[in-house]
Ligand code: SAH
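The chain below stands alone and is given in structure tokens; this is the form predicted alone.
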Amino acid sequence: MNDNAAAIVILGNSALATARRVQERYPQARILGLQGRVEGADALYANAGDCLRQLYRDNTPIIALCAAGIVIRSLAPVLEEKGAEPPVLAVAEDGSAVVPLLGGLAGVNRLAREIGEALGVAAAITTSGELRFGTCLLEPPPGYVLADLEQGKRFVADLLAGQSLRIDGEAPWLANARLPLAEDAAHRLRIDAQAGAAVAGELLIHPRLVLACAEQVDEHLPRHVRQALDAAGLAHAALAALLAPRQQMGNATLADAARRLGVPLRFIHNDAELPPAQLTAPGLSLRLAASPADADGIGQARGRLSVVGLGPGAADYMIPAVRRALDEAEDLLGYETYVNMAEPLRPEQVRHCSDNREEMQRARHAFALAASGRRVVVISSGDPGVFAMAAAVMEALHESDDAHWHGVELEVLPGVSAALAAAARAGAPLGHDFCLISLSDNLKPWEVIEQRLEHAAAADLAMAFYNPISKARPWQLGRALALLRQHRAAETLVVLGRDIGRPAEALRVLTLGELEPAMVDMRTLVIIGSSLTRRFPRAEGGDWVYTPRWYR
């Protein structure tokens, strides 16, 4: 199965129970339900065909709980040549059948067997070679790569026609296969890192054993690596990783070289970690690990720290890049409520939950983890850059002189902020110039808050209040409203959005004259309109609120 989290696609509520059973086997998989027909899915889609085709184009494994014919007809317009597709399966909505459809070289049969095991049924495997031999010779495990797919197809066809084979090299994953082995067989399976094409009657698989150690880095590094491989007589596909000293962790040219070579980039503390050099070239050496597993264990990856915003709470409001970062993370840090909102998570992902007032400690902990080579996510609700963790992370990095922290791959992924979510529910109350103000005086004096309120009110800006009130600060919203009433009429429109995007969502429209602090708690987003903000009736009841784009 490829690295993308699977999509479990259902057309109606009758398939939801089976979908949940499949999701228990693959916690990262998301259940996608047809809008208007499914309740309780992780996300909704409007058109089944469009949804399936987009998932296919995105290389997302598809587990469709519907008739196989629906999947086939939907994907027919976008099918590409065999070998370039994600796994695609049809599963009966009651869990009684599992049928692999596409992705034989992407692990679809393995996925089908796993789902069948989870549902207590036998997968309907139809691949001749896999049925006969108990393995797919054309899909070697991680750490090995098939040299020539077309040659491989001919080789398997010969075996199915009655030919036997011998194995030259180490192929531990075939120990329990039902292959027609014979010492004097004319056909052979060769496991070899050496360069050279497979000959007739041969299946060539390259083990990824070669480590390229870069000592000098420039834009020509990929060419130098390929030339060194050629000089050593090693297959380009046998390259397992590009290695470099740890102090080069932030080198963008090095990262680009690894991308162009199509291999991971890893970093080493010293040469003692490495096997002996097989070939030395200017600024470069090639080393050969004992096995793909050994090659995979040398050095550390460049750590990655993603600071993400979940949006207001509903899965539909989370951007795909945030979901991917959560799925790929090894460590997740945040306030426990927000970490729980990031579900589904895998059992092996480490959760580091802390109090919501420990932002700087959390940021420093995140950098320490990422600097060790781990993939780390710091979680905020809403947008991480709006009164949330992105600023704390930047501050922690700015204050640090630790070169390893600065070498971490750092990214900030946006989310739908509470103000924008509440405004969207109401209509467009922030449709003209507006400002966001936190009424918490934990990090700034109340005098500064009052000054900013005064200026924003005088400028006739619409405003959104974060942290409007709490048990520790019961008086501040009242003071803020008293100040605003010196500048705004009692008829000024106000929107209160509580838990927008969550099950307890509530939206209320009233006026500044009607607003009382008792109507608000810490989970309420308060929007104060400008003098031009207006409302009109919704067809389904209540009011739409908007601030026009023009001004007097």
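The first residue of the sequence shown is number 1, and the count goes up from there. Everything numeric in this text was worked out from a predicted model, so none of it was measured.
Beyond the structure shown, there is the form predicted in complex with S-adenosyl-L-homocysteine (SAH), which is absent from this document and is the topic of what follows.
task: Heavy atom within 4.5 Å of S-adenosyl-L-homocysteine (SAH) in the predicted complex: which of 468, 100, 303, 292 fits that? Just give me the one.
output: Of 468, 100, 303, 292, the residue with a heavy atom within 4.5 Å of S-adenosyl-L-homocysteine (SAH) in the predicted complex is 468.
query: Of the options 74, 476, 109, 381, which one has a non-hydrogen atom that comes within 4.5 Å of S-adenosyl-L-homocysteine (SAH) in the predicted complex?
result: None of the other options qualify; the answer is 381.
Residue contact check: residue 64 to S-adenosyl-L-homocysteine (SAH) in the predicted complex, 4.5 Å heavy atom: So residue 64 does not count as contacting S-adenosyl-L-homocysteine (SAH).
task: Considering only heavy atoms, tell me if residue 317 and S-adenosyl-L-homocysteine (SAH) come within 4.5 Å of each other in the predicted complex.
output: Residue 317: no, not in contact with S-adenosyl-L-homocysteine (SAH) in the predicted complex.
query: Is residue 386 close to S-adenosyl-L-homocysteine (SAH) in the predicted complex, meaning a heavy atom pair under 4.5 Å apart or at it?
result: Yes, residue 386 lies within 4.5 Å of S-adenosyl-L-homocysteine (SAH) in the predicted complex.
task: Indicate whether S-adenosyl-L-homocysteine (SAH) has at least one heavy atom within 4.5 Å of a heavy atom of residue 522 in the predicted complex.
output: It does: once S-adenosyl-L-homocysteine (SAH) is placed as it appears in the predicted complex, residue 522 has a heavy atom within 4.5 Å of it.
Segment that reaches S-adenosyl-L-homocysteine (SAH) in the predicted complex - one of 273-281, 250-258, 386-394, 176-184, heavy atoms within 4.5 Å: Result of the contact check: 386-394.
task: Counting only non-hydrogen atoms and a 4.5 Å cut-off, give the residues of 473-507 close to S-adenosyl-L-homocysteine (SAH) in the predicted complex.
output: 497, 498, 499, 500, 502, in sequence order.
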